[in-house]
Structure formats: structure tokens, C-alpha cells
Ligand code: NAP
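First, one chain by itself in C-alpha cells, the form predicted on its own.
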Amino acid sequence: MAEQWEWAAGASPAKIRRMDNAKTFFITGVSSGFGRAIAEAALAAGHTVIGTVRDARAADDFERRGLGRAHARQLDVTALDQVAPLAAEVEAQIGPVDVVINNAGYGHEGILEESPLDAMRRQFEVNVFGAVAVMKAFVPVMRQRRRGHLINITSMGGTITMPGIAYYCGSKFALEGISETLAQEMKPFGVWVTAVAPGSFRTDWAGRSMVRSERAIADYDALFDPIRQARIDKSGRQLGDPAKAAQAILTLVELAEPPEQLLLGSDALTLVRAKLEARLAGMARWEGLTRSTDGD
């Protein structure tokens, strides 16, 4: 990688610190939540960050933070035909991207019977199709360079489930599967792929960012209303700290052999471990029925 330097704010031409390990990050959705926290941590560590935002005001705000190393680009990840040209423009104008972080996404909450199919379609357009478009835009250049790291922000909801987030969990299960498969495809070329699965963090996911279907069927009141209210009440007071998650991501990208999945948060670890243990117990219980389908 070319030698890089950090410059004093306001600047004199004096170089103040050499950064031989500086990387270039491409992060979707840097206006808030994990995207903002990761971008800020990466910039503070001396890296260059290209961050996607939805409007010009957010772009100006982002670029003001970066001492010339923060580059905003307006992008709606569901505008699939715009993703590859943007990736090419970034590579040509700013330089090779070392780390791609698919962070843009949101949560849909609603009982499946009450939630329209259009809500599911939108959930998958953002959380799955948009993320895959970004991966496909950068995979060719990373494969050719024989280096790079693709990170997909999934969720513990990509392994565990609970009533009322079927569309969200479905999208994250899908992204987990795609990420794991791509990891196997890219490993021979020295390109790493990691699904980062957070638990509950103090972001806007359960607040203003969440899309909620209207309630209509009384049969679900006892099951779901307490879950919805608890999520609203807990928003902003979750266990996870986004700034600490960002530091974990910076550690992840420095590992010689990064994992294919990284859980973030002790709640994610506890709940996912319990789910996997229960699944193994179920496999053992029904092993006879499973094996009964084998041919003679």
C-alpha cells in the first residue's frame, strides 16, 4: 500500500504521523448508528473513509469530520444500477478500497399476518439486494488484487427469531447465508468475508429507523403487544455500545485470518449459543426420523 500521512487540521504542510497501516474503507449508511460509529472510529485511527449518505446535508456533515479523509457519496442502495458505477468512480478517484462494510439497513416489525408483502419486498431490497449489489461491485477488483475484506452487518436475528420480526429475520438469515457462501468463494483469492452479527445496541434501530406495521388482529394482542412495548421502552438503553462495536470492527480488519462470523455483544452470544444448542438437541431427538429417508 502507498505510504500515507495524517495532516494537522488547518494546515501547515507539516506531516505529523506516518500511518503505514492506513486503509481505505467504503461504508454504506454513515449518517447514524453503526455506520456513523465505525466511520468515526476509522477516521480517528487515521484511515480514509468513503461513506454513503442519502442527501447533500448529510454529505456535508460527514465530510466536515474527516480532515480530508472523509469522502461522502450520495447513494440509495436500492438503486441497484447506481452501485457499480459508484464503486468504479471511488476506485478511480480515491484509490483501491481495502474494506467494504455493508451497514445500510433497517428493521421491519410486525406480525406476519398483519404485514403486507410490499413491506417484505422493501425489507429485502435494502437489507439483501442492496448489500449484494455492493458486494458484487467490489468483488471483481478485490479478487484481481488478491486482497480485501467484505464485512456484512447482519444481526443476532440472522440466527435467532422472535414473534413480530419475520421479515427482518428473514432478510438477515439470507444475508448470513450469502455472506458465508461468498467467504468460501473468495478465500482462495485472499479476500475475507465476515458477517458481523450484533445483539441489542444503542442505535436508532428500534426507534425512529424502524418501520412498524399497524396492529389489526386481536388474537395476537397477548403475544405481541408486550414485545412491541418492551422494544420501544428499551430503545436507547440497550446493553451494546456502538463506539465499542466500532473498535471491535477495527480490530477485526487487522486480523490475519478474520472469522466468517463475529457476534457482537454478550446478549448475542448467549442467545445464539442457546439457539444452536437447542437445534443440536432437536437434531438428536429426531435423528431416527431423519435417517429413515435414506435409500437401501
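Quantities reported herein were computed from a predicted structural model and do not represent experimental measurements. Quick note: we count residues from 1 along the sequence shown, nothing fancier.
One more form of this protein, predicted in complex with the ligand, exists but is not displayed; see below.
**Q** In the model of the complex, does each residue in the set G110, D225 and Q229 place a non-hydrogen atom within 4.5 angstroms of the ligand?
**A** Checked in the model of the complex: no contact with the ligand for any of the three.
**Q** Please pick, from E91, E176, D98, D204, the one residue with any non-hydrogen atom lying within 4.5 angstroms of the ligand in the model of the complex.
**A** If I apply the 4.5 Å criterion carefully, the residue I get is D204.
**Q** Of the listed stretches (191 to 199, 136 to 144, 81 to 89, 159 to 167), which one has a non-hydrogen atom within 4.5 Å of the ligand in the model of the complex?
**A** Stretch with heavy atoms near the partner: 191 to 199.
**Q** Taking the ligand as it sits in the model of the complex, is Q247 near enough to touch it, meaning that at least one heavy atom pair lies within 4.5 angstroms?
**A** Contact check for Q247: no, nothing within 4.5 Å of the ligand in the model of the complex.
**Q** Going by a heavy atom distance of 4.5 Å, is A42 a contact of the ligand in the model of the complex?
**A** Residue-level check for A42: no, no contact with the ligand.
**Q** Just to confirm, D76 within 4.5 Å of the ligand in the model of the complex by heavy atoms?
**A** So D76 counts as contacting the ligand.
**Q** Please determine whether L150 contacts the ligand in the model of the complex, using a 4.5 Å cut-off between heavy atoms.
**A** No, L150 stays farther than 4.5 Å from the ligand in the model of the complex.
**Q** Which residues in 83 to 115 have a heavy atom within 4.5 Å of the ligand in the model of the complex?
**A** Going through 83 to 115 in order - heavy atoms within 4.5 Å of the ligand in the model of the complex - the hits are N103, A104, G105, Y106.
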